[in-house]
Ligand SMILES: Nc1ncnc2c1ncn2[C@@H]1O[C@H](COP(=O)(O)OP(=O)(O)O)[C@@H](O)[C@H]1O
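Given next, in structure tokens, is a single chain: the form predicted on its own.
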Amino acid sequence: MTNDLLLDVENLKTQLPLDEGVLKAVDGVSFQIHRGETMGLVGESGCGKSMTVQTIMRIAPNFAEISGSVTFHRPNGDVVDLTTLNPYGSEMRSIRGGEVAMIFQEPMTSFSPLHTIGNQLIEAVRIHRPVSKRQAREIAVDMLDRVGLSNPRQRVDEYPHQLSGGMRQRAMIAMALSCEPSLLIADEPTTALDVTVQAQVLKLMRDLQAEFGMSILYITHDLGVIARMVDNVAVMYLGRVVEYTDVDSLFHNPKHPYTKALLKSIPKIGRKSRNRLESVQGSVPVPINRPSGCGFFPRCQVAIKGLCDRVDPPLVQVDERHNAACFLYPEVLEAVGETHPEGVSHGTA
């Protein structure tokens, strides 16, 4: 369906010209988010997840070179490409924080330590909604109550350092949702929390999503969170999407060798304590002056020499629910005009 499309990211690229060369932080990313959907971006640190959402929000570094499109379907019916807007202009400021909100991993970096929680919520509300200061304060108190903070009329006058980590995270969610955005972008929002508080915050986000009818773009390296939170998921590696599917297909029938390696590295219940945990060999390289071929080639256990190190596999539909960028699938080979080398069977990753 296209009538419920909210965000359409198409071939998005964010390149940072540095003295050492061009850093391709985001290198041709494409995905869609529909209304009421939760979309996940997953991958190791350094894969380009955060830079992707920073580009969408137009808060990437000023010297970044951006191409591609980010088409946003606004609540008023307008359709706008966010990459064409002035990041400091009135239209982008209206969208950012009002129609698309964002929460971060560490709320202490989002809240000013010099102002109360309430003053910061009030400021956010009044930027995007035509209300008085008194009305904005009531909205702030109501939102703090809805996110589960006890004594919201007391908390609204407290400073960030007076709240625990979990309480600050709830306050940040309250600030993000105070203008009832269509899309909430959550960048590793529970990584710094213990597992009990993490579970509470995840439940809170699901409940608020149902209440507000908003979409969520969830960025994380935690596949356990992905399994609990999202409908569709894009796996990123070295600035690119290497697998794109619904969450059930990802866990029950992963296609890309990188995705399979990530899933194998999850600790299993019942695992014997003497057995070593599996891990993805090597690390994500810095995407500067990236060589030709598949970016995962140096770490891949099933790479095809002479092909994977020479040609970059595009993201192609390999079955009804799955897109993957791997030459183990004939659809990907056909897309670049290559043939399968002898002795390599389909889907043996």
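Each residue number is its position in the shown sequence, starting from 1. Here the structure is a predicted model, which is why all the values come from computation and not from measurement.
Separately, the form predicted together with this ligand exists; it is not shown, and the next lines address it.
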Query raised in the report: For E44, is any heavy atom within 4.5 Å of this ligand in the predicted bound form, or not?
Result: yes
Query raised in the report: Should M51 be counted as a contact of this ligand in the predicted bound form, where contact means heavy atoms within 4.5 Å?
Result: yes
Query raised in the report: Does the 4.5 Å heavy atom contact test between L18 and this ligand in the predicted bound form come out positive?
Result: yes
Query raised in the report: Could you tell me if P61 has a non-hydrogen atom within 4.5 Å of this ligand in the predicted bound form?
Result: yes
Query raised in the report: Within 285-300, which residues come within 4.5 Å of this ligand in the predicted bound form, counting heavy atoms only?
Result: P287
